[in-house]
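A single chain comes next, written as structure tokens; it is the form predicted on its own.
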């Protein structure tokens, strides 16, 4: 049985050209990049090239790029680092604004800090169709607000949030504040980089997160962009790597792989072309399954939705049974974030949309990729209604 992969938001297949770049590096350079001898400095040079490539992609300075183990670490660093610095410098309980559409590595971190009394927190609720406006966020700013963390593209329902507009508002507000009381702006751009402009100057952000394995690159490597002058503490201590911001021997091969993956995404025009192809396939899938009784779209439609994402809820179906049936039929799909894929409970995102009232409502997320074909879409269009009908008969 040929498998069909519809879970590109969870992770993407490693591009063979990325794999080759990493393998070529590992066979030639093995030195510790912190060592002063030739072998070490050869590895260090490759890191510098990789850092420059990431900086170019973001229109940032190389010294503003900090390599991490992935997006979860980068998001934790952004939030905890800003809060820690603010507590030390302000001497008051900081206020953090985020949304109910965030990835768990933002949402759960803020929830935990709020529960422990470290911060005050405001979670912006989306509209029923999964959208959040800049005004909703800006009107929640208080005198003790130190951070706004807003996801660029929802990993679960595909909503594209108005990050650029938020950045403009915050820039205007910060221009009227004293230097020591600036509000930092962080965006998790993990799901955005494949299709959207991540120019940090245009976004107006101080911190931005990327992850390589969402971009046809390797797992275990990500970046946190930190704008020069941003007041932020480290998460860890122990070494002077990454401009004293992230100690430990760098994942050099991973950095090479991430740089290559970003290069292969191409220009913004090329990414938009890829987005159009994937969007057309996604829309065809939705057009053919939307008339199944009890099927409802999660999130917005049109330009406010990520091209690859199709998240739906289905009534009168057990969620675990649906995902298992799809897997047995040869389809790799998910309920949402892979970070909580083992849970049968609806995610905080689905709850925020008001679609978790019934235990017999299931969520399934199809996320397409560069290699998705029309033939694969035709197969799932045929098989999906059959699976739904069988499960509903069984539940009766």
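This is a predicted model, so every value here is computed, not measured. Numbering follows the first chain given and starts at 1.
The discussion below concerns the form predicted together with a small molecule, not included here.
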**Report entry** Heavy atom within 4.5 Å of the small molecule in the model of the complex - the one residue of 319, 72, 131, 230 that qualifies
**Finding:** 72
Report task. May I ask you to choose, among 214, 80, 246, 95, the residue with a heavy atom within 4.5 Å of the small molecule in the model of the complex? Result -> 214
Report task. Would you please decide whether residue 298 lies within 4.5 angstroms of the small molecule in the model of the complex, comparing each non-hydrogen atom pair? Result -> no
Report task. Look up in the model of the complex whether residue 188 has a non-hydrogen atom within 4.5 angstroms of the small molecule, and give yes or no. Result -> yes
Query raised in the report: So in the model of the complex, does residue 166 come within 4.5 Å of the small molecule, heavy atom to heavy atom?
Result: no
**Report entry** 4.5 Å heavy atom contact, residue 147 to the small molecule in the model of the complex
**Finding:** no
Report summary line: TL;DR on 166 to 174, 235 to 243, 151 to 159, 138 to 146: the one with heavy atoms within 4.5 Å of the small molecule in the model of the complex is 151 to 159
